[in-house]
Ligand SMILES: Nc1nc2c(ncn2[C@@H]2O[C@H](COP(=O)(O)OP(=O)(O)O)[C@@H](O)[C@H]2O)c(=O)[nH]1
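One chain comes next, on its own, written as structure tokens: the form predicted alone.
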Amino acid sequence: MQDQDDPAAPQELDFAEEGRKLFAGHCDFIWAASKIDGLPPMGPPEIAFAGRSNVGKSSLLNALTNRKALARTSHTPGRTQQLNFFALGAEPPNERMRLIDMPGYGYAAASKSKISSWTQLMRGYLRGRASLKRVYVLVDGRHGLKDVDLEMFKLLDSCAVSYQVILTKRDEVKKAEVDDRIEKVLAGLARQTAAFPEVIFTSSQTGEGVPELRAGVARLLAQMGM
């Protein structure tokens, strides 16, 4: 039982409730950019979701917002080919923040020109977007970190963009292996300069970890005074 005199206890409960209310509100697609000069004007804080192709970015966005088709999901890797912007909390220009679904990386079957185009778009966005406050890097919880994930970490470190790892597909990982997966990811993050030292294990199918991620986003907004 938590100590009622512990000031951290109600604070954590507040973040959980704030996160629930934030993601239960208005959320709509507002913009798509396939080139860096096609980005929308900067406005409210932005959080972006990155990860290997088919890691479950769109499914997690749908789970976070309690919607079935906010972001299009597909079993075909490389489906997301642009930066997709979603307004959260109210209609523009009064939204609390924006969610960005980034193109998946590491999809070798795409043409070299297309991979180059995606890479340039992501690099340009990460390096020049003052409104970007955090990138959530999704990692397949069944397999853990791959070399392409480590390359993404290096890019984020070089851009001085705060990022946090979110493991996906927890429902497909044995319970006895969950803690070990988290520890290995944390070990892989130990030397990364811009990494947030916390890992959340999620499942878009069962909802595990989703309330914790919502609470984390609400905490991030509170830290910015939003």
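A residue's number is simply how far along the shown sequence it sits, counting from 1. Bear in mind the structure is a predicted one, so any value in this text is a computation, not a measurement.
Quick note: we don't show the form predicted in complex with the named molecule, though the next part is all about it.
None of 181 to 189, 157 to 165, 25 to 33, 52 to 60 except one has non-hydrogen atoms within 4.5 angstroms of the named molecule in the model of the complex; the exception is 52 to 60.
Looking at the named molecule in the model of the complex, residues Glu46, Arg129 and Ser131 place no heavy atom within 4.5 Å of it.
Remark: Asp171 counts among the residues lining the named molecule in the model of the complex, judged by a heavy atom distance of 4.5 Å or less. Contact residues in stretch 204 to 218 (any heavy atom within 4.5 Å of the named molecule, taken in the model of the complex) are Ser204, Gln205.
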